[in-house]
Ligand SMILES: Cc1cc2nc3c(=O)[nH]c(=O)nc-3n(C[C@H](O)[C@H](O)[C@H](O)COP(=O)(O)O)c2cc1C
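So this first bit is one chain, no partners, the form predicted alone, shown in C-alpha cells.
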C-alpha cells in the first residue's frame, strides 16, 4: 500500500504533479480534525496498536502497518516537520511495540509489524543550510526508530514543487554541526525566568518534576550565594499550542519580560511534541519573545541513551534564529522512566544524582546568563562531544536492567487490561475510504 501524509489541503494536493497516486492520503483536513498525542500510552496497554482517541488518526498505526511505501510532504518548521505532520508522526506511536531492541548500540522500541517502510520525504520552504542539516539528523533518527528505509529527501522551495523525485536531494546522515548564533543579550543573572512545561500530561509528568527540581535548586543556590532569587513564571504549553497559567490574564501568558526561558518537554519521535512546535511557530511569527531572551531546554526521553534527544535541540536552535533570540543549550536526560518513580528520593542519591548534577550545570549557565558551552569552559566541565551546547544525564541503572524493568511494567499493565501486547491490528482500506484524506 502507498500512503501519503502531508499538510496540504485538497486544492494544494490537486496542484501537485505526483508521478503515482497514493492509495491513502492523510492530508490537512484529517490532521486538523484530529487531536495531538496525549502521551497516555494507552495505545500500548489498553488497545495495543490502535489509539484510544476516536478521530481520523485512530487507525494510523494499523495504516502504517499495511503500508510499504510512505511519502511525507511537509513545510519546514525550524528544520523539523510542520506541527500538523508532526501531529501525525506523534500519533503513529501505536505502530511501535513498547518493548525494546538494540540498534547500533542504542535502545529503540521494537517494530510491531514485520515489514519495512520505504520512505520519501519532501520538506519545502527551508530557510537555510542549518534547517536542512537539522532535518537530515531527524530523518536519520526516524529511520532507525521507525524502521524505515529512506530512499530520498528533497528540499523544494514551494509546496507545489513537492512530490516528484527531482530537485535538491539531501544526503541522509547526522549532518555537520551548526554554529550557534552569538548570545544577543549581555551576560548577567536574569531576574525573571519562565519555566514552560510542554508535557501533554503536565500534572504528575516527568517534565513537571524536572522543572520543579530546577526551580527549587535555583532558589537554593541564589539564597546560599546571597543573590536575589529570580522571579519564576510557570507556564504550560497546552495541546492547543497555547501557553496557560493559573493566574494568566485573558489572552495567554506574556513572556516578553523574561530574560531567560527554560522549556521542558518529553521527546516525541526524535523531536519536539507537535503542540510545542505549534507554539514556537506562533511565538516566532508574532514576535512574542524580546530580542536578547536566552532560551534553554530540559528534554527527557523514555529510551536509555540521552544522546537521542540531541536532534530536538537543532529545532530549538532554528527557532531562536528565526525569532531573534539566543539558543543557550539544553539538558538531555535518558532513561526517563526512572524520573517519576524516584522523584522523591535523595537528590544526590544514586537514582537521582546524574540528573541533579545535570540540572545544577544548567542552573550555573542560566544564573550567569551564559551558554552551556561557555559555562562548561568557565567551570571546567567536560563538554558533550556530539553537541557542545548540550548536557547529558545518563540513566542511573544498567541498560539491561532498565530494559527488563520497563518491559515487565508494560506486560503488567497490558495483563491488567486483558490486552494483547503483541497485537497487530489490520487496516481495512474499504472501511476507511474517503475518511483518511480530504
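Numbering follows the first chain given and starts at 1. The shown structure was predicted, so the numbers you read here are calculated from the model rather than taken from an experiment.
What follows is about the form predicted together with the named molecule, which we do not show.
- Using a 4.5 Å heavy atom cutoff, 201, 270 and 302 all lie near the named molecule in the predicted bound form.
- Residues placing heavy atoms within 4.5 Å of the named molecule in the predicted bound form fall in a single listed stretch, namely 32-40, out of 32-40, 50-58, 375-383, 63-71.
- Proximity of residue 288 to the named molecule in the predicted bound form falls outside the 4.5 Å heavy atom cutoff.
- The closest non-hydrogen atom of residue 266 lies within 4.5 Å of the named molecule in the predicted bound form.
- Taking the partner from the other structure, the named molecule in the predicted bound form has no heavy atom within 4.5 Å of any heavy atom of residue 131.
- For residue 293, no non-hydrogen atom is located within 4.5 Å of the named molecule in the predicted bound form, even though that partner is not displayed.
- Only one of the listed residues (354, 255, 117, 93) places a non-hydrogen atom within 4.5 angstroms of the named molecule in the predicted bound form, and that residue is 93.
- Out of the listed residues 207, 312, 326, 277, 207 is the one that sits within 4.5 Å of the named molecule in the predicted bound form by at least one heavy atom.
- The single residue of 138-154 lying near the named molecule in the predicted bound form is 145, the criterion being any heavy atom within 4.5 Å.
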